[in-house]
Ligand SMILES: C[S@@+](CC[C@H](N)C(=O)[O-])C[C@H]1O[C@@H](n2cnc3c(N)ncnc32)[C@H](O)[C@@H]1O
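The chain below stands alone and is given as structure tokens, in the form predicted on its own.
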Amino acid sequence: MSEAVRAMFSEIAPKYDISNTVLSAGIHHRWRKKAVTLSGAKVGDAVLDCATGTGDLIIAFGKAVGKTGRLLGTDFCSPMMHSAPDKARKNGLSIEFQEADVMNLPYSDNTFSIASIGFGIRNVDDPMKGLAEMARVVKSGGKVVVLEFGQPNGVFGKIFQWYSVHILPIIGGILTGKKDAYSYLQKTSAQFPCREEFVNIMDKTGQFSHISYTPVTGGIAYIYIGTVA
């Protein structure tokens, strides 16, 4: 992945959680819970979360797979995971965290029940390669779960676009001191393929027997579920 992107996330890592909560009014936690529900995660499953950041999505999976499940969170930017182990412990979960690039995962084929990535696939240099790698390490019939921002339609879409262009970078800059980082994140969200366009990217990997997507909060974000062939 781009060293510039790695450096950017390293800089905003200490304030990442608080900025996410403020900018989304805390609703991003509900999106993660929905993603876990749609994945069909069950007790005993082994889950790999890529671009895990501060660990919110793998923690949400942990509450579904229980103590008999395996939980592994990875990120190509180690500073982003600095607070994740302590957060996991506070939630009563045993989660392993490792530095790894989603485009070159150091795990064997057919290892996990589920592989997920939340708000990270748009920052991957080659999203198709990252998706193929996630599918490779998941067992046949398992799921690849992608939670990513989209572009809402209609009047709500225009309001959200105005907020994300004019307000989000300012608030993000105030909270982290890195306005440019939040301008970058806004632009990547606005430009990244969503809905059928992203499904097409997943389909072109040739790794999935079925792909579906579900909008959340009017299409601010989407949850994509791919069943590994």
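What you see is a predicted model; the values in this text were computed from it and never measured. Residue positions are given as counts along the sequence shown, with the first one as 1.
Form predicted in complex with this ligand: not shown, discussed below.
Contact with this ligand in the predicted complex for Val145, defined as at least one heavy atom pair within 4.5 Å: yes or no? No, Val145 stays farther than 4.5 Å from this ligand in the predicted complex.
Find out whether any non-hydrogen atom of Gly150 is located within 4.5 angstroms of this ligand in the predicted complex, and reply yes or no. So Gly150 does not count as contacting this ligand.
State yes or no: in the predicted complex, is some non-hydrogen atom of Phe76 no more than 4.5 angstroms from a non-hydrogen atom of this ligand? Although this ligand is absent here, Phe76 would touch it in the predicted complex, with heavy atoms inside 4.5 Å.
Non-hydrogen atom contact Asn20 with this ligand in the predicted complex at 4.5 angstroms: Although this ligand is absent here, Asn20 would touch it in the predicted complex, with heavy atoms inside 4.5 Å.
Ala51, Leu48, Ala41, Ile59: which sits within 4.5 Å of this ligand in the predicted complex by any heavy atom? None of the other options qualify; the answer is Ala51.
Tell me, please, which stretch of 132-140, 118-126, 88-96, 151-159 lies within 4.5 angstroms of this ligand in the predicted complex when heavy atoms are compared? Result for this chain: 118-126.
Would you give me the residues of 14-47 that have any heavy atom within 4.5 Å of this ligand in the predicted complex, in order from first to last? Sequence-ordered list: Tyr16, Asn20, Arg32.
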